[in-house]
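The chain below stands alone and is given as structure tokens, in the form predicted alone.
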């Protein structure tokens, strides 16, 4: 029996779900291996009562999200978090830095009361255990296919621990720091093949901070480039505000 799969979104722009549709040549093959029971982006039906695999996009921003995730964890044998918002908090987590009430006041004006059900944006694994992770903003289609293959084959999650600098060297990219431009490749989790630097753009850290990252050394590199702690902190905050790593 094919595994029953649901795809749902929390606080996000649906970009990672769109990336799944962009698998193009492989999409029909994927659909032939699973029973797609619900897809929030592509269907108007309701979540089924029973399913085997849950693919979750987006950050947790409300008590309703947390309740949904606990319900999902109780039903699904496998939970896959896709995209920066779901795996590390991503851009939505910027709203959680400092006071949530101050953020509301900035957007809606003074005197607006933050709804009791709102919470500081956070990744999915802040609420439930996540079995597999597909990082990035948006996700890479080929990486999603690899992770889904691991799920179907019963293999454990395998997200790279090393930083992206090695991938840049393999791609023979010129280091941005040679020109005094900050780049987060020296602390960001590898696995994307240094896609942005290979296209002439410094890494913005959308894959999260690598477990092997040496943040202290990264700070020294940023200081030599003329940026220092403020530049590194500002760069990390774009996607990694919810991270436990502090500069």
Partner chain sequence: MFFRMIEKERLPDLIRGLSTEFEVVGPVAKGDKFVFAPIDDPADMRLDYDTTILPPKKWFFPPEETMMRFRVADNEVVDDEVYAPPRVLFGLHPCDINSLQLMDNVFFGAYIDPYYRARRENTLIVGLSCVPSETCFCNAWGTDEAHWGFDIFLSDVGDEYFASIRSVSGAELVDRHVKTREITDNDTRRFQERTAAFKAAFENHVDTSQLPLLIDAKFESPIWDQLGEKCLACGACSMVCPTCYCYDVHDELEPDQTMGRRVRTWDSCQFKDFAAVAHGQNFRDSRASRIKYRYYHKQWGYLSKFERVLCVGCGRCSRACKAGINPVKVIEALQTGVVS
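Numbering follows the first chain given and starts at 1. Since the model is a prediction, treat every value here as computed from it, not as a measurement.
Another form exists, predicted in complex with the partner chain; not displayed. Remarks below refer to it.
Residues of just one listed stretch (61-69, 178-186, 36-44, 200-208) have heavy atoms within 4.5 Å of the partner chain in the predicted complex: 178-186. Looking at residue 53, you'd find every heavy atom of it more than 4.5 angstroms from the partner chain in the predicted complex. Using a 4.5 angstroms limit between non-hydrogen atoms, residue 129 is distant from the partner chain in the predicted complex. In the predicted complex, residue 171 approaches the partner chain with a heavy atom inside 4.5 Å. The shortest heavy atom separation between residue 113 and the partner chain in the predicted complex exceeds 4.5 Å.
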